[in-house]
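Before any questions on binding or motion, here is one chain by itself as structure tokens, the form predicted on its own.
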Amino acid sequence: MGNGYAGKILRVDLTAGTVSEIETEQYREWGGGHGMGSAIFWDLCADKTISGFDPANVITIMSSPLAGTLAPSASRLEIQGIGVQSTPEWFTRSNMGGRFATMMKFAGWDGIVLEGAASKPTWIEIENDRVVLRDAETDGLWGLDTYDTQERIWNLQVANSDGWREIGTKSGERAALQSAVITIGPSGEKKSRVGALIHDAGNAAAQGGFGGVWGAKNLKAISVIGSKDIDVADAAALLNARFSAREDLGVNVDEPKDGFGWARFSGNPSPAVMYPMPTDVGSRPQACQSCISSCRARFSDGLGNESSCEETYFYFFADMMYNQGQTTPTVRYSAEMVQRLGINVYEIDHGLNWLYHLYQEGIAGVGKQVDIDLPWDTYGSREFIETYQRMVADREGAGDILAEGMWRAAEHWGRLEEDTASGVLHYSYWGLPEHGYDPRAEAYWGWGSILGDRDINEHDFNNLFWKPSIAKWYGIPSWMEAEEFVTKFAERMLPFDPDPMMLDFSEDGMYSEGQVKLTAWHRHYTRFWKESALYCDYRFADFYSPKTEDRGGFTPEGEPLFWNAVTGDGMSFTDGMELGRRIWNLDNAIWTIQGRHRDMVKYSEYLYEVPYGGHLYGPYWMPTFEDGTWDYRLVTGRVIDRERMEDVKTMFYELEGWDVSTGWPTRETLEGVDLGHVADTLEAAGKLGGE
């Protein structure tokens, strides 16, 4: 097929133990990643109302044409299907980097589709076009943690004495690299709703509970290695684009101008380790294939290698409290353990804070309302975090309840109503933990999450908080005045007119047409450029830069530049936005089939009743337009206004062309994005929105 595509998608029927192929061309119109995954799920999952644990749940693992090429920070995977973490169980997504997508493309596959459930523990071995379903118990994988599983697979795939091994079915196909493996740990094997998929070290697809879904399918791991080429449309254009981007926008390591941060092409390549780096342990950055960010770290003692962000942080304060203000290697040990066991770190983190609060209130403990046996007198120690994580992963004692996710655990113990009203259980939407960017401050983050299926976890606009807040916290001059800063963003938000009011985070701005447009833009942008083209969240969208004369960023020129060099499509940025809108409409049709209705779109009670106090970050500064002027102002102290939230929902549905009384897609809108067959299905189900 060429032009970035391998040309075929692997289809695995775990129930029958058979494999077949889907021609990628059938789904080429969706671009890749999420778009292809949603379309395949729509076609192959006959009953979309089933539980994620049902064998008929269809799981897609898709790459993009950019994977394995020189396109920067774009060799990622999109994983989709019916998740088991949220309440209700929505069709949802997760995503990971690393080298699996690249190796899958080198093996000749654009993606993998999983159907059915194996009768016994199984793993899949892919070597170019040779695909074998192997016994995970006989091969000694079942019961191992994620790191040991990968080591065991690599040991089974022994190279010849010259370092090469034959792969695939054709003579001369050989490789010297280790295969790329995605696996579940004990948590997934126990069908936990907080089970994660892990690849190498530090690459996790944790949202959605897909680790537990794989466990229900009796699927332990997928290993892939390949030796094929990836053809691109214009190799010279791709190479020149990469060199040009590095020269014009990339960081100069000898003279770095822009610190660490998400969604910045010019950000320094540095590990996203969220606690003070140990001074007695050496470290270096580590990156995914084709990445220019290097957001993970490898340590000289190997402990917690390639961990980043939340897992490097969640036990930091407990460790420091236990050790009289000192941090210890236990912080990195806890990060490594959560990956080895294959657990969603946000559930572990928020759950631990919740349980510790209940323990201090005398509610949690042996024989208490929350009957849980944890060594609370050692809270902050290695012993405590190991006991807690193993309890969840192995479903030991109360861990059997916690493995259902903290929302369901609170419901089991009769704490849900009280603890979500007070905010002690910091779960904002769909029974899922809040990310740290609170809907009472960063409204679009909340709107995007509650109008979708999960915490969005997309940092494109976070620098509107980080830049001014860091300046205020440390008393340093603002890098850019508020009006200029929001203008830089707005003028790159095609196809909308460059309206800075989309970035007004004042209290009135939260409920404005501008914030609704920002939310819609973000959903369309990420559905294609980030989740289908699979540009990394750490580098895109790029709205501003310290390297350019006008201080404007790489968006919207950068995204199509690499896409077109690889695919030859001639796609514009706006074309990609329109395709993202089409994908977003298909996803909403799936949620509608699953039972979504406007009346269900509500936050947890504490967001309406408890003023925002800053939570993780403290004083929270963002650009606001008040009294006729732009400035950075505090946005703490707010609650969500119920009536005005209803206005936001109405404006959003109107903007998307959906039925404002139900939130369901209408025929006119679906046919407008060439989804008439989807409208037919919704109409037959009695769930087509009125015009």
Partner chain sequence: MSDIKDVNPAEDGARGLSRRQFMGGIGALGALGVIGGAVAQVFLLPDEVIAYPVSGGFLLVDQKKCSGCSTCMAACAIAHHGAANHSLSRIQITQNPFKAFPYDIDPVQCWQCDECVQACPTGAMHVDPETGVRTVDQLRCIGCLRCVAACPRAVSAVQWSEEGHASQKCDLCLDTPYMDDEGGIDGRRACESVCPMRAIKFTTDLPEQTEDGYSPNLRTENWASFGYVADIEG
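Numbering follows the first chain given and starts at 1. Since this is a predicted model, take the numbers as computed values, not measurements.
Absent from the display: the form predicted in complex with the partner chain. The rest refers to it.
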Check: residue 247 near the partner chain in the predicted bound form, any heavy atom under 4.5 Å?
Finding: yes
Notebook entry, point to check: Would residue 323 count as a contact of the partner chain in the predicted bound form, using a 4.5 angstroms cut-off between non-hydrogen atoms?
Noted result: no
Notebook entry, point to check: Should residue 87 be classed as touching the partner chain in the predicted bound form when contacts are defined as heavy atoms within 4.5 Å?
Noted result: no
Next item on the list: Decide whether residue 157 counts as a contact residue for the partner chain in the predicted bound form under a heavy atom distance cut-off of 4.5 Å.
Entry: no
Check: Which residue among 122, 150, 515, 469 has a heavy atom within 4.5 angstroms of the partner chain in the predicted bound form?
Finding: 150
Notebook entry, point to check: Which one, 271, 215, 433, 111, lies within 4.5 Å of the partner chain in the predicted bound form by heavy atoms?
Noted result: 271
Checklist line | Among 204-212, 604-612, 159-167, 523-531, the region lying within 4.5 Å of the partner chain in the predicted bound form by heavy atom distance | finding: 159-167
Checklist line | in the predicted bound form: members of 287-320 within 4.5 Å of the partner chain, any heavy atom | finding: 287, 288, 289, 290, 291, 292, 293, 294, 296, 297, 298, 299, 300, 301, 302, 303, 305, 306
